[in-house]
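Form predicted on its own, single chain, as C-alpha cells, below.
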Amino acid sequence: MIEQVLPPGVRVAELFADPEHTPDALFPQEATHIAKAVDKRRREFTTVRVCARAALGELGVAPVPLLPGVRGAPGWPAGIVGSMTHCDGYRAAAVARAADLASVGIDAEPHATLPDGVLGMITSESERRHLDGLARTAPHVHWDRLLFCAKEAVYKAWSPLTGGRWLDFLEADVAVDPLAGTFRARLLVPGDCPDGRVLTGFDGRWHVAGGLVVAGITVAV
C-alpha cells in the first residue's frame, strides 16, 4: 500500500493486523517506554517497530531500539531517515539512507470523513474551497481526510529537517491533484533549517485503496 506513494529506493514494510507478539518483539528500552500505555497503544507501538526493523533489514541495518524523540518522532540509526504511521487496521514504516534522501514522511488514515469540527481546525478558507471543488469532481473520495493525511506527512517530513520544530496544520497550504495522485504543500512560515537548507514546500503523492488513504513525501539530499 505505502509503496504506491514512495520512490523505489525507499524500503517499506507494512502490516494490516497486529501479530501475536513475543516478549522479545521490543528491546528493553522500548518496553520500558511503553510499559504504562493502554493495550491499543502498546500494540500500535510494537507492530510499527516490527515493520520498521523489517524495512531497516532490507537496507542491511541490524535491529536496534527505536525510541521516540522530539514530539514522539522515532529515533533512527545513524545514517538513516524514515517515518512510521499507524491507524486502525494498518501499520507501516519507510526508511532510506541519509546519503540518498534528506527526509521521508508518510501517513495513513481510514478513508472516511473527518470527525465533526476537525476540518475547520486544520484548513484555511481557500483549502476548504479547494476541497469543495474536488468533491464535485470525485465525490467518492473523502478529500477532507486525504488533506489531513497529506498534512500529517508534511509535518513528518518537516520535523527532522528543522531540528524538531513544530508545524501547525494551518502553516502549510495543501493543493491536491485528483488525476495525478499528487499534492503540493506550500509552507506559510519560514523554513530555515540548521544545515542551511531553506524549505518552501513539499511535493507528495497520495493513494486510496482498501478503506485507507496514504500519503508520502520524500525530500532530496
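Numbering starts at 1 and follows the sequence shown. This structure is a prediction, so every number in the text was calculated from the model and none was measured.
Just so it is clear, the following notes concern the form predicted together with a small molecule, a form of the same protein that is not shown.
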The chain here is shown without the small molecule. Which stretch in 56-64, 190-198, 176-184, 162-170 comes within 4.5 angstroms of it in the predicted complex, by heavy atom distance?
162-170
When the contact criterion is heavy atoms within 4.5 Å, does Leu26 count as touching the small molecule in the predicted complex?
no
4.5 Å heavy atom contact, Glu30 to the small molecule in the predicted complex:
no
Going by a heavy atom distance of 4.5 Å, is Pro77 a contact of the small molecule in the predicted complex?
no
Would you please decide whether Ala37 lies within 4.5 angstroms of the small molecule in the predicted complex, comparing each non-hydrogen atom pair?
no
Residue within 4.5 Å of the small molecule in the predicted complex by heavy atom, from Ala73, Leu114, Ala98, Leu131, is Ala73
So, Asp144, Trp206 and Ile217: all three within 4.5 Å of the small molecule in the predicted complex by heavy atoms, or not?
no
